[in-house]
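Okay, here we've got a single chain as structure tokens, the form predicted on its own, with questions on binding and movement later.
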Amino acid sequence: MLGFIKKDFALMKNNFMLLVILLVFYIAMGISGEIDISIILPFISVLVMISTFSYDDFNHWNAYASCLPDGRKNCVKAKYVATILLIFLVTTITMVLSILLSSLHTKNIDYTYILYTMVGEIFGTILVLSIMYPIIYKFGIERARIIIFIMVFGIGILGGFLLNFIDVANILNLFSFLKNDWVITLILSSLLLLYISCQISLKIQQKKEF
């Protein structure tokens, strides 16, 4: 499976300059205090990894991988592992940059806030990839983009509609018992989401014909 992981990282080299440009841009925005880079950069890592699906389809990689021993299984697992490694790498860089940028604006750096922000960002990023990857494996990257757009648009409309009838404060009170353990809860939830998503993707990949 190591070779599959190296392949995905090799494909990401094509987007290296884009990452550098975005990184410089968000650092400049962060210095000016106009944007919090911790909210942006981790999600970019998932978008970069999603671009590798396009390269896989163009080069008929999945058809080739299915001929290798445990190729289908390792192909999916490697994609998830490579994505998680990239997320943690980008998150670590983001945390260091957040501390450095915070030191430019204040001498009292809130390390706890930065850490909690990173944990929340990792959870949000993992939630996104856990939903998107099975859809991509099921429908292919091109159709998946349309489906995901419709889902996001639909969820936004449905969420706005439900907010008119739901008391958010009461719902939050139901989860008040987690307020002291929310970091652990997010970590465990992230692991559960990854496991479920990976298992779904594996089943889809095993049944596909190339």
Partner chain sequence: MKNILEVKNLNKKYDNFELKDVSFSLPEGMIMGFIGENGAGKTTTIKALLNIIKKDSGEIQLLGRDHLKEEKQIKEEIGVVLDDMFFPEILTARDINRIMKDVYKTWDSNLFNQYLEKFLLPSNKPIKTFSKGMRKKLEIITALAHHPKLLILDEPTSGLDPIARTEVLDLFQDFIQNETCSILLSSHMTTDLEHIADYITFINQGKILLSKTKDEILEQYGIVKCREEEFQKIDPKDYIRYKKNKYQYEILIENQQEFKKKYDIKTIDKMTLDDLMILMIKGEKSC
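Small disclaimer: the values here were computed from a predicted structure and weren't measured. Positions refer to the first chain, counted from 1.
Keep in mind that the form predicted together with its partner chain is missing from the display, and what follows is about it.
Colleague: Counting only heavy atoms and a 4.5 Å cut-off, does its partner chain in the model of the complex sit next to every one of W61, L68 and K208?
Modeller: Affirmative, all three are within 4.5 Å.
Colleague: Does L22 reach its partner chain in the model of the complex, with heavy atoms at most 4.5 Å apart?
Modeller: L22: no contact with its partner chain in the model of the complex.
Colleague: Is it the case that R72, even though its partner is missing from this view, gets within 4.5 Å of its partner chain in the model of the complex, heavy atoms only?
Modeller: Although its partner chain is absent here, R72 would touch it in the model of the complex, with heavy atoms inside 4.5 Å.
Colleague: Examine I187 and determine whether its closest non-hydrogen atom to its partner chain in the model of the complex is within 4.5 angstroms.
Modeller: Although its partner chain is absent here, I187 would stay clear of it in the model of the complex, with no heavy atoms inside 4.5 Å.
Colleague: Within 4.5 Å, heavy atoms only: does Y55 come near its partner chain in the model of the complex?
Modeller: Output for Y55 is yes: heavy atoms within 4.5 Å of its partner chain.
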